[in-house]
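First, one chain by itself: the form predicted on its own, in structure tokens.
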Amino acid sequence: MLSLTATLGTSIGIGTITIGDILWFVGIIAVGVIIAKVVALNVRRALTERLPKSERELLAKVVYYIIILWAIAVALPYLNFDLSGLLVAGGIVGLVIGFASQSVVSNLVSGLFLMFEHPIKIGDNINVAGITGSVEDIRILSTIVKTYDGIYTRIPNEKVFTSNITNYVHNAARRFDYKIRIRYRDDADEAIRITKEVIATHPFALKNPAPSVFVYDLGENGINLTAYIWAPTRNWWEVRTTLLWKIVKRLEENGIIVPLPQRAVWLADESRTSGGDAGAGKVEE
């Protein structure tokens, strides 16, 4: 035991560094490497479905090298290495880099929050920061959105994270509405019945929540009906763009016509204008 202690305390000829110090240094670095590999592996697994492979590997490497640097910083004092000067210099360099890369760091942190909070995912239709489109990619520093007219848009993650996000496909079902006008002489109850029948025939118009059709108000040119219809989010646009015309055609087949705007115009009677009295000739449109 004494011989082992003496051996570990033997100087290697560089300052006061002993064999024991070297073993401590190597041991701490080895433990740091093992911890770094385990943590990096778990990062890859945790982000398998949240990030593309390239982004996932980059983040795992960043975590790996941060842990290695931490292990080196812990182990260096065993070699009698004074970290105070290095820390001061590193602090100054860190401040310079920090001020120069505030937006990069902010986007990186925001990207990490987006990955774990998961308010959006690739393929979602969203509106964020006034931009509407489909999410093409979620990267560490930015989110890529392709607008509905095919324009590539890169949004910094800080802006995504701090803005109100509208995700149109997050819920399983989505509602839309139609405004349908019929003539005053038409039967509103019959129009409501026919509209519900047409809605029921569409394979993607949901029965739960059930559609709702009712008289909304009495307009200048006819009775205004409103129809609330629910559809699966992924089929919402298809249902909304095809169902209205089917309803209008079925109403017309049953004698219920969507009226054109009408206006009554009263004209002065020229034959009596000279006498100071205005007549009551009427023209209807």
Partner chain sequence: MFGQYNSTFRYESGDFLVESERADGLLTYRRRCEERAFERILAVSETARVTVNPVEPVNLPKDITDLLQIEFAPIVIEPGATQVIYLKFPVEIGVFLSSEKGIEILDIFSAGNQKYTLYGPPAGGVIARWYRSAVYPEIPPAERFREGVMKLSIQNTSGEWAHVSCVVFNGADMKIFYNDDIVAATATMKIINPSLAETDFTDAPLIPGMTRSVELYTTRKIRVISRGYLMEWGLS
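Residue numbers count along the first chain shown, from 1. Please read all numbers here as calculations on a predicted model, not as lab measurements.
One more form of this protein, predicted in complex with the partner chain, exists but is not displayed; see below.
Within this chain, A200 lines the site of the partner chain in the model of the complex, having a heavy atom no more than 4.5 Å away. Although the partner is absent here, T166 is not a contact residue: none of its heavy atoms lies within 4.5 angstroms of the partner chain in the model of the complex. Put simply, A172 is close to the partner chain in the model of the complex: some heavy atom of it is within 4.5 Å. Interface residue remark: P209 is counted as part of the site for the partner chain in the model of the complex, having a heavy atom within 4.5 Å. Contact annotation: of the candidates A188, L141, V74, A205, the single residue with a non-hydrogen atom within 4.5 angstroms of the partner chain in the model of the complex is A205. In plain terms, the part of the chain that comes close to the partner chain in the model of the complex, with a heavy atom within 4.5 Å, is 230-238 out of 230-238, 38-46, 216-224, 244-252.
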